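Below you'll find only one chain, the form predicted on its own, shown as structure tokens.
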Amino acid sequence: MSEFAHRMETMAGTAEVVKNLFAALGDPELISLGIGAPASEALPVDIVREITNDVLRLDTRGIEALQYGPVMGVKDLREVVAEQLLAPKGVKTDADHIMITVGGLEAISLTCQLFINPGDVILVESPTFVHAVETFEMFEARCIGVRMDDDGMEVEDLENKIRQYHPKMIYTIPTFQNPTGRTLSQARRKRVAELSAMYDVLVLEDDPYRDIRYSGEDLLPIKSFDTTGNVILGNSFSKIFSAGSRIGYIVGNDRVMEMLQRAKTASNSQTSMLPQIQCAEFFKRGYYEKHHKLICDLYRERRDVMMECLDKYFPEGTKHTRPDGGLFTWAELPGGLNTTELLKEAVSRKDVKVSYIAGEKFFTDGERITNCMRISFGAVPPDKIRIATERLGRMFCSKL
């Protein structure tokens, strides 16, 4: 067999982590605090069935749904994005500057296709979304971490590293960040846009959790402060409509959209039509507002139970974030506990049987921090959150 491309070696470590994210789904006895999936109760099955039965007719949108479609995506869905999801958040744009993608991950991949050459530097939050790093490594980029605190990425460290490394791109998840649940403050969002303009560096604002805020004040996206077109905004419908639909969107200026169309046609020509139409009709028929309240109430309850249980069951000295939205919290364990080493035991022990994501692989450029873990609460009912955290906490305490 011919040799695999060099990129397959560079992404091996992160690819293994991503594979393990989904592997736990196959064990019915395991309680997974690892996978960042939406709750099953947050999937609008009955509504989508009703919409699908309606649109899959010859006299409505049946032919359109099953035929090839436009590279940019279904126009009424792009209009929904502009009018219902972006305008209220301070981003003024139109359908011509929005492309519908295959989930939020394709927005990341397409941006890399447009801009990233082997050896380019990408500044990322430390820690950051491991799946995005896998994509960056596939394009043979070098990821450099930027320090974070409770208000997100530290902009002083960001500017220092812009000067030091001359990056091609800054990648940030500013709202309820994956993996930490932290949110970049409003002042820092504005500053990131200013630094982007000052140093002429691209910003990829990946914001798939923004619309599931259930406490605290809403914040404007970095894109709303963009004066140069250097900020590209990516998002997803996975958390507010359907993860299985695999649809997202990307927002950019004229030149970016022109080049995105070239990259999209070379990749897959278009995003599947049926889920685009289902999603467009979901919003146009007025279902989103009630559904949005449902999912926010659902995740708020699970967040609150998780916070209570971490404080109650985890070892004394554990630190964890308290997110205002999203699906994740980030815990730092005391006493030199190594979450990477303890994960196999947590998954295999019959008196534990709980999975989580060890934090080590969320750090880039060789930084080795082993006492951290990403905990996902969105897909886990409150009773199972209590069981899982008590089991994990008991195991962790026994190691001190």
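Source: prediction; values computed, not measured. Heads up: residue numbers just count along the shown sequence, starting at 1.
This next part talks about the form predicted in complex with a small molecule, which is not shown.
Shown without its partner, this chain lists 241, 299, 136, 209 as candidates; in the predicted bound form, only 209 has a non-hydrogen atom within 4.5 angstroms of the small molecule. Shown without its partner, this chain lists 329, 196, 236, 271 as candidates; in the predicted bound form, only 236 has a non-hydrogen atom within 4.5 angstroms of the small molecule. Between 150 to 158, 318 to 326, 173 to 181, 75 to 83, the stretch whose residues reach within 4.5 angstroms of the small molecule in the predicted bound form through a non-hydrogen atom is 173 to 181. For residue 305, no non-hydrogen atom is located within 4.5 Å of the small molecule in the predicted bound form, even though that partner is not displayed. Within 4.5 Å of any heavy atom of the small molecule in the predicted bound form lies no heavy atom of residue 191.
In the predicted bound form, the small molecule stays beyond 4.5 Å of every heavy atom belonging to residue 282. Contact annotation: residue 264 falls outside 4.5 Å of the small molecule in the predicted bound form, judged by heavy atom distances.
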